[in-house]
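Before any questions on how it binds or moves, here is one chain, the form predicted alone, in structure tokens.
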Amino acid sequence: MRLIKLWIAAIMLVGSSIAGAADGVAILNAQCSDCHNLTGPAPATLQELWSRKGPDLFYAGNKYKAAWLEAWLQKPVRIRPAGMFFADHVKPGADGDEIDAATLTAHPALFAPESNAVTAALMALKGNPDLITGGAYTQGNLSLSSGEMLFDKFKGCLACHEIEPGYGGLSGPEVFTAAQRLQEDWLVSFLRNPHAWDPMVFMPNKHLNDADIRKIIDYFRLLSEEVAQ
């Protein structure tokens, strides 16, 4: 009798998991598809790029960390200070262009069960698997000062990305949370060739070698640890 009960409980658990994933797909299609590309491919023309309202999600399962996704969907905060396409959200200011917050729209928040289901559905989206090499990233040792010098002075990335709240460029996504939200093997692939993932992305291909890619990801990890303190 005990074995039968355990068997029934296991079936119910699997069924609940499948239902949750299905609900997540339904939520994505009903609430997210207007702003996010769930099926691919990435924009191939400037017109398609300019019409993009949110990041492509058809490879979310290869890009994001599930724990971060689930938490963020419940309490979303802006990762790109100037929005997805910064030219639409700036205005003249006393010291040059500044963000026009009135033009930015807050991302809707989900309740925990919805967030769990949507995360499961997103993690199943594995577009461009040929660009991912499992185990491509191996952690090294790097100091914050060395990482900043590589990231800014050598590669010029600070012009577009914040390395801490309020310090850095505003047109690209912040990088002080990158280690929390992005899978390391995806970062290796993206930093090696951004345009393989997003042909029209504004980020230039810096033709980084493997050692520099590892150091930049190590730097993201250190930034994440520092901000979390």
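Owing to the predicted nature of the structure, the values given are computational and were not obtained by experimental measurement. The numbering used is simple: start at 1 and walk along the sequence shown.
Not on display, but discussed next: the form predicted in complex with heme C.
If you check heme C in the predicted complex, you find a heavy atom from every one of Leu28, Leu110 and Ile216 within 4.5 Å. Although the partner is absent here, Cys35 lies within 4.5 Å of heme C in the predicted complex, judged by heavy atoms.
Interface residue remark: Arg192 is not counted as part of the site for heme C in the predicted complex, having no heavy atom within 4.5 Å. When heme C is considered in the predicted complex, Leu187 lines it closely, a heavy atom lying within 4.5 Å.
Although the partner is absent here, Ala159 lies within 4.5 Å of heme C in the predicted complex, judged by heavy atoms. If you take 195-211 and check each residue for a heavy atom within 4.5 Å of heme C in the predicted complex, you get Val201, Phe202, Met203, Pro204, Lys206, Leu208, in sequence order.
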